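For this one, two forms of the same chain are given in structure tokens, first as structure 1 and then as structure 2.
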Structure 1
């Protein structure tokens, strides 16, 4: 930021009183520490440093620069402090990712006798949101209620957001419901939509969006809401509704909004329609880092590495500097296409070439690609070199464990498993990996032991499920449970029998449904309830899709976990037997099955 010479050159002959508004104006426009400090000096010289209003402006200016030490020194030296002084400093701490300091300031404020106002409560709620601490947030809520501020639109919206970010969607909704309808403005509707979307309640987000249009009391959808709803559709892979929302985006005149375009690119790619993603991207006039990244990530999901590298080079040529997410997307593309050395090179050169330091996720991606390629010793060395901690470490070592499983390297799996256990974090994923590694090595007893220790310790993993959208309605399938097919259940079974025998003729040796131990990668709670014990959810969803999706239409199956190698083989075989195309969305990529093969070329 530059200072404004025409303002700093206030006439020396002007009376001091005239200087004050000029200096205050300077402060309000300043966002760099040097000019704030310079103006501070001038204020002191002119004798205005101590009056409350000037100090508050200075305080706000220091907070805007993120110079929290300067802000604190100033605050501590102030003779008088009013609610604005306290609130300004609190808000500075919250914005500087120091929510704990903001909250201790709230307590100190209480004992100093200055009464908080609506802005103070809103700021405190924001700090609690950053801490994701609903307990502390509830105390703020209670204080605001007592002070009569809780119905204030801004306070209520901040509290709503706080509950949502602390995982209490019901509490967030209660705050929303308690707001009088006229108090609900575009921001509160947007915050409630985001609350659902961020807590993976996409259906609720879509329902609320519909409610806005019928009972919104004149509040029009804005770009915040549209981006949120599109992202909710992406999360649930709901192509039908996603296209409707895209229509609304265009009708409302937001077709040129970058943030919405990014959400649309992501939505179409997660719905299995890369071509639509491409169309949305091609309409963007001046793609930014984020828009380039969204299409790179989309192409990476489809294993289109040539496309990814072309886009990446084009972006760099255009002078758009890649960020950490872009580079991760390119690395994923390398990983999913077997371009191990290109990917590793990128990891080693990202700092010098693009000024981006490798994050834990970049190391995880690199470990993943080495692991897939069977270069497990290198993967292990790199994992150690990365020196990551906490949840990041879990992801990293899990990735290695998964590779150990695929390549039946129990020796390394045990060492990697140890690293997972050493992390005091959520270990469910690691334990499942361990159990699967034992299964692959034929050590069924050990696998069972890990599983039962999980049950004893009350550790659960999200059950694996697959779903398919038919005429805008999602049908969700769990392993072994055919009841989801409703009236079609019997026909699903018959079709699976028929397919199994046809696959046999082509050399398939497995079984689609039986109590196989290798099914351990999916939840077995449904065991016994279904007619076909052990049949994987994606196979059920596919069979259902083959029956109900009209011929000629691509069948799109979504899955919340990664597809297992058995199912991958089965899907390839089925696509060769039946002349239909189907797309499976994995946890992290797409598989397009056609005439007996898959777009991933078995790299996954």
Structure 2
């Protein structure tokens, strides 16, 4: 392609001159390379390709259709280049997922004598965001400050987004705080909310949303902000605040927004309110694959396998094609309901039926499914067949190791444990499970050796904790520590003693007192059998809830790890004794306790 046309420029009064605005208009509307190239040829023929404005329009058109080689050839052949030329090509590189080329162009621009403008710095910040490179982003920030562009609303918002994606949330907040109040628009507020949400800082996102509502200068939350804060409530299991945000959604007229609806389905399900999730879903007129997947995963976490299969069949009948997450949700439901053959059939047929190739998560779910059912040899063979690596392999073999421990198969546990240890990644969970597998088999010396090895290597597992929300305030409990109960601490212990007495009348033989001996079922905690660890965290949270949550209201407890079998039995007994309902969300699923039984039917 000729990059330096030699044709003379047509005079303003010539008939050809009338073609120029038409051709420029065609360029602006062109979306494919063939159209752009054809219009380029007409501009050359008419003698309009050389002027800077025409070249910039051509450059933008080539970048818009992703033809970066053509764009670069044109750029290199331009006699004159202004800030628009440089910034347009930079933007094209950034949009084409070539951020390093964009940053190289920024450096070359500095040497050319052309001064960057606000759009240039915004584009450069976006390129740094793609690279998640805070160091390079700070250099762009410094240049923007020197050029006097850092306070521009577009530049500041781009810098904010860049810092957030690079993990520099404090830097992002500093940029946000430095913006003049009138410059903070819906985009900048939304970017700061997303920064907190993306970095799992849900409480900060919720506080910022409250600040927006009270000191936002009249900025109304849009659907993006509302979906973000709903997702933050989901991650923190903040049901009370989530309901308030849902109210704001309805008042602002976003009740039928699909993005927000999906976030609400997820929020209610993660807060232990599946019924509300289903109500939100049922109001959606034409559910998409994302919406269907959200409610299927929610139902799976609650062990409602009939609902899962019904929803899945409905989805397929409606012509909505399931994705890999949808199928994983169905397999999860099969795993936690003992529908092993159904789940395995789905694994083997998902490629041919739905065009979805099984990924490591599907194999891990299938191994977990077989392990829960006690079909450990099959699980072991499938784990070897999966041929996964890295963190995926760690998750898969940890799942099998847990099943081997549950079913007291020390032979297979040893082999699975070796696979975990060879992974050279985060092996703390596997070591704890291996220790408890030895305990279950009566090999206390081997268990002690594993624990000793962990101490020598400085390996520590995150402690198990549970939390409960009361009047929008979360109370977090750790095993044996009741300080979070504050003034209620003594009453919590008295209540536990009273409940223990009543439970013994029903055959319970454990301990709920302040010096209960661990039975080593709670492999999440850091100590093994025979060590005085106190009451497990979910029991403390439950006792606190019984004291402060009004009668008639469901008590919802969240736990960061798997609920142990002894605590599961305690929750069942207490729900029958005091005739109240409890919902517990652990690492794997939800348990709904009512009148002495659990929704999981003791299969989890």
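Note that the structure is a prediction, hence the values are computed from the model and not measured. We call the rigid core whatever largest set of C-alpha positions still superposes within 1.5 Å between the two forms. Positions refer to the first chain, counted from 1.
Trainee: May I ask which of the two structures is the form predicted on its own?
Mentor: Of the two forms shown, it is structure 2 that corresponds to the form predicted on its own, while structure 1 does not.
Trainee: After core superposition, I'd like to know whether residue 113 moves between structures 1 and 2 (criterion: C-alpha shift of 2 angstroms or more).
Mentor: Comparing the forms between structures 1 and 2, which are aligned on their rigid core, residue 113 does shift its C-alpha by 2 Å or more.
Trainee: After the core is matched up, is the C-alpha of residue 177 off by 2 Å or more between structures 1 and 2?
Mentor: Residue 177 C-alpha, core-superposed: shift of 2 Å or more.
Trainee: Quick check on residue 64: with the core superposed, does its CA move 2 angstroms or more between structures 1 and 2?
Mentor: Yes, its C-alpha moves 2 Å or more.
Trainee: Taking the rigid core as fixed, quantify in angstrom how much the C-alpha of residue 122 shifts between structures 1 and 2.
Mentor: With the cores aligned, its C-alpha sits 5.9 Å away.
Trainee: Rigid-core fit: what Cα movement does residue 186 have between structures 1 and 2, in Å to one decimal?
Mentor: The shift comes out to 3.5 Å.
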